[in-house]
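The chain that follows stands alone, in the form predicted on its own, written as C-alpha cells.
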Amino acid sequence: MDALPRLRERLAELADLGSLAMLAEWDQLVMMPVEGGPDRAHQIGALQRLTHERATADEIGQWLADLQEADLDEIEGDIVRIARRDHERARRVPGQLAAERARAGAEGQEIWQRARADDDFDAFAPALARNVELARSAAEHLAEPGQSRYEALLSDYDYGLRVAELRAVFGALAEGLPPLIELAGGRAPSEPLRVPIASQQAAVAGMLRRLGVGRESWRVDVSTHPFTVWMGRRDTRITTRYEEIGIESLLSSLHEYGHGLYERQVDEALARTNLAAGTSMSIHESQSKLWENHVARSAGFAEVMAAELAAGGFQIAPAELHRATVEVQPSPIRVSADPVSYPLHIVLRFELEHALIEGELEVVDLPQAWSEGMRRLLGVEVGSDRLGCLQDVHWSGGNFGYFPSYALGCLIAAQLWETAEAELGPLADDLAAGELTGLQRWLGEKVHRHGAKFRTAELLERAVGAPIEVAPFLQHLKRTLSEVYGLTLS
C-alpha cells in the first residue's frame, strides 16, 4: 500500500519541475541578457524532456493500477483521478516531440521579441511555422476519438472544451457586441491620456500595495508582454508595461494580480500536488478579467486610481479616469482594448489559430487574414504587423488554444461578480475605498481554494449555479455604457 505516497512524491517532484520551468520563462522575459536566448532554449528543452520522462514513467501507471480499488479520502481520490487523466494524456506525446516543442517555443519568443520591435513579420514567420508544425504533430498524438487537432490543443488549457461550444458563445458575442459598439461609437472620442511613466509606476505600486502585494512574497517587473508566474504560494511574480499614452499599465497590473491571487489562495492541503493550480485557463482568465473589468474599470475604483496617480504627481478627475478605462473606441491592440470590443479581438484570434492548426491557413498568409478579420469584426485598419499579428506573445511560445480563455474569462467574471454582489451586497463602497478583502475572501472560498479539483463547468456550477452564459456580461456592459454615455439600454 505504498503506491499513494510514491505517487504523491512523484507529483511533488513534477510540481517543482513546473515551478522551475516558470522561473526559467520569467527570467528569459524579464532579466536574461539578450544573448542568452540560444542557451536558454536548450535548457528549457532539457527541463521539458526530464519532466516528460518523469511524468510518463511506467511506474506511475503501476501505482495508479494499484490504487484502482483503494479506499481513498476526498483529496486522495481527486489526486489519483487527475493523475490518471494526465498520465494517459502525457504518454501519448513522444518525449522528443515534447522537448522539441519547448525548445522551439523558447527560441520563438526570442525571435518574436526582435521581430515585434522591428515590425518584421518575415523574420518571425519561420519560427511561427515551426511552432505550428510541432503543435499539429502533438495534437495528432493527443487527439481522442471525435476530437479535432485544435480541440486536442484546447484541452491543454481547458480540458474537454469543444469547438462547437466556442462557436456558439463567440457567435452570441459577435451578434451582441457590434450594436453596443455602434451605439457608443458615434460620440467624439476623448483625447488620449498622456500620463508620465513615473506617475504610472507610483500608481501601480500604490494600488497593488492596497491589495496586499508586498515585496516579501511578490515581484512586480516590466516585460514586453504582461504575464504572471508563481513558484509557490509565497513567490508570485507579475509584470506590466508602461507607455506614455494611456493607462494600460494600471489595468494590466490588476489583471495580472488576479492570476497571482488565484494561485496564492489554493488550499494549502493541495500544495505540491497535481491539484495545486488553477483548474483551467478559462477560470484563470476569469479571475484576471474580474479584477480588470469589474474592479479597475469601475467608477468606484477610479477614485483609488486617481488618488494613486495624484500621489505620483499626475492630477485627473476620477470621472475622467473612469471614462478613459471604459470608453468604446475600437483599436488594433488587444491588451488596451475597451471592454466592449475586447472579446471580438479574441474571436479573431480563435478563428485564425483554428485555421492554422487545421491547415486552412498558411503562416505566410496570416498578416493579410489578420487585417481582413480586424476590418470585418471591428471596422479597424491595421497599420503594421507590430500592431497586428505580432502584438501577442502566445503563438511565439507555441501556445495554440490559449486565446479563447480570455473571452470565456470575461463571461465567467461577469457571472462571478453578479453572484458576489448578490451574496456580499453591493461592492461600490468597497471599490471606492480600495478595501476589497471581502471580495478576496469570497473568491478564495468560491473558486481559488479548490485548485484543479473541478473542471470549468463543474466549478462554475458550484460557484454561481449556472453554466457559462453571455447575458450577464452583456448586461454589465450595458450598465457601464449607461453610466458613462447616459444611454438607456435594456
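Note that residue numbering follows the sequence shown and begins at 1. Keep in mind the model is a prediction, meaning the values are calculated, not measured.
Form predicted in complex with another copy of the chain: not shown, discussed below.
Looking at 329 to 337, 159 to 167, 214 to 222, 408 to 416, the stretch with residues near another copy of the chain in the model of the complex, meaning non-hydrogen atoms within 4.5 angstroms, turns out to be 214 to 222. Comment: another copy of the chain is not present in this chain, but in the model of the complex one of Pro178, Gly300, Pro367, Gly232 has a heavy atom within 4.5 Å of it, namely Gly232.
A single residue from the set Leu439, Leu47, Leu67, Leu459 has any heavy atom within 4.5 angstroms of another copy of the chain in the model of the complex; that residue is Leu47. Residue contact check for Ala422: none of its heavy atoms lie within 4.5 Å of another copy of the chain in the model of the complex. In the model of the complex, Ala471 stays away from another copy of the chain, with no heavy atom inside 4.5 Å. Contact check for Arg237: a heavy atom falls within 4.5 Å of another copy of the chain in the model of the complex. Interface membership of Met32, defined by any non-hydrogen atom within 4.5 Å of another copy of the chain in the model of the complex, is confirmed. Residues from 12 to 31 that approach another copy of the chain in the model of the complex with a non-hydrogen atom closer than or equal to 4.5 Å are Glu13, Asp16, Leu17, Ser19, Leu20, Leu23, Ala24, Trp26, Asp27, Met31, in the order they occur in the chain.
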